[in-house]
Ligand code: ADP
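Just the one chain here, the form predicted alone, laid out as structure tokens.
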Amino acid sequence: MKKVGITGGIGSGKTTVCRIFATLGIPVYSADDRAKMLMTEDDELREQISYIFGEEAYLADGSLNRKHLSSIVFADKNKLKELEAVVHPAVHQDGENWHNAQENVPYTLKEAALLIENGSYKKFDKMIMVYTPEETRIERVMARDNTPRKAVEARIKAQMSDDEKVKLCDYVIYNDGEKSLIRQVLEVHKLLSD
């Protein structure tokens, strides 16, 4: 069973593409969703996060204090690195366990925005990039997250360029509104299933 990574910048439509793969019976692991779950439910990870960010890292109900963490990690790159240093290994191990538990499928998909930036793309048999024009991505994120243009542009600028990512991927799915997403996913699915 192949391990396939799927990546793309913020607002590229990775989630939509993953839903299409899921309708084909392919298990999809969302690294962001699992990270959020692990940061709340994994006792060891909770301890590490509380140690780094203080007791304010969690609210009284036990949920992650996202506002508190965001205010720190977006202002201090070292704190962001500390957070990633404890979260990424936990998510990686969780993803491995999840992959190994899958049965009777030709491949699994792991979806994450930073698979290339953090070097984990090297651990996959194949990589898929969801490529979307930057202006489309900006408009989507502004509408989806109610975020000002400058904030979205800053987030995009902080990520590796799509052109650099494409060079490291085996397949590119163009989410530009011109080519059929379903047809492209079906083509990639056929290649991965052989």
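Bear in mind the structure is a predicted one, so any value in this text is a computation, not a measurement. Numbers for residues come from their place in the sequence shown, where the first is 1.
Just so you know, the form predicted together with the ligand exists too; it's not on screen, but the next bit is about it.
Novice: Is there a heavy atom of T23 no more than 4.5 Å from a heavy atom of the ligand in the predicted complex?
Specialist: T23: no, not in contact with the ligand in the predicted complex.
Novice: When the contact criterion is heavy atoms within 4.5 Å, does K167 count as touching the ligand in the predicted complex?
Specialist: Contact check for K167: no, nothing within 4.5 Å of the ligand in the predicted complex.
Novice: My question is simply whether I10 lines the interface with the ligand in the predicted complex - judged by any non-hydrogen atom within 4.5 Å.
Specialist: Residue-level check for I10: yes, a contact with the ligand.
Novice: Can you tell me whether L186 touches the ligand? I mean in the predicted complex, with a 4.5 angstroms heavy atom cut-off.
Specialist: No, L186 sits far enough from the ligand in the predicted complex that none of its heavy atoms falls within 4.5 Å.
Novice: If contact means a heavy atom within 4.5 Å, which one of 59-67, 38-46, 121-129, 137-145 is the stretch that engages the ligand in the predicted complex?
Specialist: Stretch 137-145 is the one.
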